[in-house]
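The chain that follows stands alone, in the form predicted on its own, written as structure tokens.
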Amino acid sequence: MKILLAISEVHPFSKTGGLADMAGALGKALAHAGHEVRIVTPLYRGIREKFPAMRRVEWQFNLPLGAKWEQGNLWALELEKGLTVYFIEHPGFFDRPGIYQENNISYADNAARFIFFSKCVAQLARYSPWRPDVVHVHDWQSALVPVLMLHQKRAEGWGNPPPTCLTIHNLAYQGIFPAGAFALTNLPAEFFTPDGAEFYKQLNCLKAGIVFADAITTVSPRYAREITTESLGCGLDDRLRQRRKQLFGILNGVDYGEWNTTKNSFLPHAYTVTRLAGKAANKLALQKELGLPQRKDAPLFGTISRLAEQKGVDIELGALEEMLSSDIQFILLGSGSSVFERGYQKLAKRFPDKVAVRVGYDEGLAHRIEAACDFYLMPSQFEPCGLNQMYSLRYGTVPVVRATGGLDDSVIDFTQDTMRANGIKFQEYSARALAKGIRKALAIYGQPELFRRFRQNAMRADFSWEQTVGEYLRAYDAAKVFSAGQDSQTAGRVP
């Protein structure tokens, strides 16, 4: 199968979070399964310098964006057999310090930037000599691709366009812009209705994808159920309930080529599930690196996170206020809200022998935190999938998570299975409930044999992409079936 993946960020070229990790890993896994994969993503600042092997493709985009025309170029880099990355070059849109924002302020022209990107994807799908069998778009930044392709099928004579699949990584981010931004799509007004891209008189890019994509996936089975409820549907639960037959929950996989404990240049000491001495050595090394007392016996907790309320950092700060009176250490790596950044930094000043905070993101340090810690805290309000709890499991770092979304799907609590337990779950979203979870962690830590079993269960958990690929292929097949009858099913929405 020929698969075109359209994604706004892809590791190792660009990254703000787990979307980039998933994109790169899915592309590789599909290629390893024998499929031809092309990933298309913007050419952000610095990528060409870091990857000089990429080449300019004899292809130029000249596309309308409202009343103006915008030009762009295409670059390509073959990563491995069956996997090529296409980069959309438009310096005015993508040659910037940030991907979506600077100084926590979103770029004012994000609508224009990603509508242009979506139009480039649609043009590649239609006119490239390499014709995809399915177009798989991700999140709001490329969610307009299905409606652009549908319009070209109906009004411009595109005889047999490939089916489309939309993956929702986080329903809370929908790409909502003033109504005037719809003009940038150059689509007929019939698409800007309550049954289309219009959302309370604004343009909602993700809603357009939900309405018009042939299949929809989310990044965990539980999240697929949660977003059809009023409490977690972010105003789109009714649309998602209407598309329930085309909605698939597929738990993200982990690229164990990147996230492993034996052949990892980021880790000073290798270790395995049966030889854990290296993990203890990594703990001492990280304590020294971050200026904490080197204590093998002190339970070490860690968090790597975007500092936003969704991630539960407010209740984590509250729980740490209570639990730092115990004999524990805590490490944070993350950035985001200045309020939360200051909150953690104040905690580190008050408890210099117990708390180390690094604001920002450092790939190597992220691996070392995962490898060194005894427990990983992930108290999210909601979590479509989450990857860090899976990284933690592979690194033998027992996760303490709130039972939501992919966290609930991937972690096994003692109350669920006493012999296979690999983590700790709590239900209530509160500092008190998280503190209780930390106390459970300390009780397990105080029983070396039990803790060792938790750790070994964690490291044996398998979230490899090889088993996940089959579920995406089934979603693609479903998209083909739905696409064949889509005109009759959507005729009532768009004349």
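Please read these numbers as outputs of a predicted model, since none were measured by experiment. Position 1 is the first residue in the sequence shown; the rest follow in order.
As for the form predicted in complex with a small molecule, it is not shown, yet the points below apply to it.
- A heavy atom within 4.5 Å of the small molecule in the model of the complex is found for one listed residue only; from 310, 123, 337, 242, this is 310.
- Site annotation in the model of the complex: the residue of 279, 394, 207, 169 reaching within 4.5 Å of the small molecule with a heavy atom is 169.
- Residue contact with the small molecule in the model of the complex: residue 25 places no heavy atom within 4.5 Å of it.
- Using a 4.5 angstroms threshold between heavy atoms, residue 96 stays clear of the small molecule in the model of the complex.
- Put simply, residue 331 is far from the small molecule in the model of the complex: not one heavy atom of it is within 4.5 Å.
- Contact between residue 386 and the small molecule in the model of the complex is found at the 4.5 Å heavy atom cutoff.
- Only one of 156-164, 83-91, 282-290, 302-310 lies within 4.5 Å of the small molecule in the model of the complex by heavy atoms, and it is 302-310.
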